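Just one chain follows, in the form predicted alone, and it is written as structure tokens.
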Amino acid sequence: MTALALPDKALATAVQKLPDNALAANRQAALARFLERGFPTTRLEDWKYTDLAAVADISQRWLENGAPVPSSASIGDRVAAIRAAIDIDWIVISNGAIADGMDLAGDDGLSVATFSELAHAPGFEHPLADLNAALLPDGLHIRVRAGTHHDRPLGLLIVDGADSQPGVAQARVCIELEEGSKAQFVEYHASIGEADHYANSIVELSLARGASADYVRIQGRDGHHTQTHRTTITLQDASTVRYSGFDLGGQLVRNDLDIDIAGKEANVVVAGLYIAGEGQHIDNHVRIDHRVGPARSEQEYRGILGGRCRCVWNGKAIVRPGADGTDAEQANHNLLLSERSEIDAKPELEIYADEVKCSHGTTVGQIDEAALFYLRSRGLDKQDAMRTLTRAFGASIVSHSPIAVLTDHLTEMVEGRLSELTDGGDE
């Protein structure tokens, strides 16, 4: 057993309590793998700066309480508020259960079904995917049919509640865009409740030849909740993905974004903004694998850190032998508002081909005192001046979000979080 293992019998009992559907055999296989490997630990290079001991503790206490499914009644107001703020089509996944929105399938080239209906068995290539597959009540499968241009964004609202005792929830979504199709997706994570909560989510996105997807992930969980999340994206010939991720909440958050460029002339643009304050830990790991060329990838992440917090950014681009014509760029910029803030940034390039164009870099700094003085000399007090400068630092990521309908809501969320940092609440 590893230091971050869970009790075998209690976990097996929790798996047995899940619905007896087409996923039952897959759960048992995933359970066996997780019991063998356990949670990833800081002994692994990719987890060097992120300790999942708190996640293991919440999970163990949840199992000791009999692995209860939290009530979804208390999240109704939160769901209604998000729906009112962002006018798109929503599918709601509440405490791991698909709660609303399954009626979206129609004649518009979009099909929506559950894993159990399709007898689709989710894979478990990574340790946290083992846990996800073992405890998954059901998953969601979305297909955009060939040649379809689905203009109205589709939202995945993953919202959890933990009112009186620790909660654990798993969510998994598989999205397939067939040849020549085009669609926009919003993935929104939220939570409420005073009890500790751990959410573990996986999204798989695959694009066939000539397909195009705009994808925005928003993480706005309560400040004492934890989350691990993995997104895998596979691109075939001439397909395009524009992806933006925003991390504004959560106590401990780990995001893994794995992108596999398997087709020539594919194009990937990735952007991210993380804002962390007192007691938060946000870790973003991005891996873009250029298997063939020519193809292009671009990634830019920005972080704003205040108070005693820690963030991690690891961006890797791999260029395989024979992937000539690859163009890969990566950049990470961080603004520290406190001497107690910490960022561990690691840009990486692994290049095994000759005819390539690749660049990477990272910066870490504090607010420019000259710029701060200039704004104060124009009548702004210190807090307003700091808020103006931090807003400008993050504005490029918000303004370049690939889904325009989200801009106002994202701006409001970001400014609210920055106000908390610059007003002294997270110093």
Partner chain sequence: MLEIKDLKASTGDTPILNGLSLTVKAGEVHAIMGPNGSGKSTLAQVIAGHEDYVVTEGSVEYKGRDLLELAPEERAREGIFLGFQYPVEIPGVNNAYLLKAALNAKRKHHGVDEVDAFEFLKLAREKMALLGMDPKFLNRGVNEGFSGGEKKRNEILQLAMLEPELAILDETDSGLDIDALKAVAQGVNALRSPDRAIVLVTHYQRLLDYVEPDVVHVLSGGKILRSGDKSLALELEEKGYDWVREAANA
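Positions refer to the first chain, counted from 1. Bear in mind that the values here come from a model prediction, so they are computed numbers and not experimental data.
Unshown form predicted in complex with its partner chain; subsequent notes refer to it.
- For the residues 367, 395, 54, 69, the 4.5 Å heavy atom test against its partner chain in the model of the complex is passed only by 395.
- Checking 391, 27, 360, 33 for any heavy atom within 4.5 Å of its partner chain in the model of the complex turns up a single hit: 391.
- Residue contact check for residue 45: none of its heavy atoms lie within 4.5 Å of its partner chain in the model of the complex.
- Contact annotation for residue 375: at least one heavy atom lies within 4.5 Å of its partner chain in the model of the complex.
- Although the partner is absent here, residue 61 sits far enough away that none of its heavy atoms falls within 4.5 Å of its partner chain in the model of the complex.
- Checking 61-69, 46-54, 33-41, 376-384 against its partner chain in the model of the complex, the stretch whose residues place heavy atoms within 4.5 Å of it is 376-384.
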